[in-house]
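As a starting point, one isolated chain is supplied in structure tokens, in the form predicted alone.
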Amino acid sequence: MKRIALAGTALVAATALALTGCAGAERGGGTDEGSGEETTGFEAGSTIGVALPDKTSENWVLAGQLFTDGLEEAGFEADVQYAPASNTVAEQQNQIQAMVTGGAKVIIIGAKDGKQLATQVQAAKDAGAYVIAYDRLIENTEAVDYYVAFDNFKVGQLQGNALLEGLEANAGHEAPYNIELFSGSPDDANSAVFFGGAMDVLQPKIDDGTLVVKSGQTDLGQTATEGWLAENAQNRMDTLITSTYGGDTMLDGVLSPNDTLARAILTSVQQAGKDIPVVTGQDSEVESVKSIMEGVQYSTINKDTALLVEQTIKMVGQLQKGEEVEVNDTEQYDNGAKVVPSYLLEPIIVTKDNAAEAYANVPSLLEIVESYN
């Protein structure tokens, strides 16, 4: 299997939500397959901490509610906290430390900045807790026990393939195609993973001339969108249109790493009076699903948050009972200090053509899709 390197490279491995168990029990007993970590059970009804980054994405909002309900249904006491978007990572650091002090047995962390939590994660381990990184990898510490996420390198590959397929079907002319590249926030390790997966598909087509990045901005730093903020993506797209796509120069496609940024990019293009390019996305946000069905945004990715939360809570239950924790990858996710045992779920590409099938098990989105048919 492919070993994904850490931050600073386009193939950085990262998609993580950390699940940290706090306080109390010594680690000892059974050994988790592939992790080398000894586990022991802890009391039923224990507190489980969940530290999430902010509420700027529909999926983070949903995750918080699902964790609250799911952990309580599983018999645990849930302590779910968000770090406000306006605050620095210090707020999340303080929240995690409070969970450690409060005796949480597991702390689940969706990192605001995975490079700045090593001290708090080590404190959790020292207190006897377990840490599971959720959706975003926590970097440069051996104190992360598990990582649970969708396969985010594959997410990028799916986005790259969707961009190529959309260009061939919708550009209205043969190659070469003019495209621009966007990536996520530099403080999110997943940004490099998504971009690395996409460039795994797109770089050969750039090299052979099928694709032309007319701005010349092709590396992770040049394409980054600070804070995953829509206004930052829209401002950059405005600048690119002014500098590179004046007059009759066509913009055929844009690699966007998520739906929020995709909509901002499309707003910029529409306000400039340009033809709508092929634009990718991710997260299956309601407004983007509508946009896809209206033929505006080309694609998104279905990563069912309910399945991700369900798998995480299942791992908490295994830890509570002292059972072997199920993982399906023990090679790819090197956080700079260790290869973190991981459970990866499969993402699904969604276009207008397959939306009904892709959302067959997501009633709220399926209803939207069917309303356009």
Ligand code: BGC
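Residue numbers run from 1 along the displayed sequence. Because the structure is predicted, anything quoted here is derived from the model rather than measured.
Note that the form predicted together with beta-D-glucopyranose (BGC) isn't included here; everything after this is about it.
Residues within 4.5 angstroms of beta-D-glucopyranose (BGC) in the predicted complex, judged by any non-hydrogen atom, belong to 52-60 and to none of the other stretches in 318-326, 335-343, 66-74, 52-60.
Between beta-D-glucopyranose (BGC) and the residues Asp188, Asp145, Glu180, Glu139, the one pair within 4.5 Å by heavy atoms in the predicted complex involves Asp188. Of the residues Asp151, Asp252, Asp113, Asp283, just one reaches beta-D-glucopyranose (BGC) in the predicted complex with a heavy atom at 4.5 Å or closer; this is Asp283.
Contact check for Lys303: a heavy atom falls within 4.5 Å of beta-D-glucopyranose (BGC) in the predicted complex. Although the partner is absent here, Asn258 is a contact residue: one of its heavy atoms lies within 4.5 angstroms of beta-D-glucopyranose (BGC) in the predicted complex. When contacts are judged by a 4.5 Å heavy atom cut-off, Phe194 counts as touching beta-D-glucopyranose (BGC) in the predicted complex. beta-D-glucopyranose (BGC) is not drawn, but in the predicted complex it has no heavy atom within 4.5 Å of Tyr82.
Residues of 328-350 are not found to place any heavy atom within 4.5 Å of beta-D-glucopyranose (BGC) in the predicted complex.
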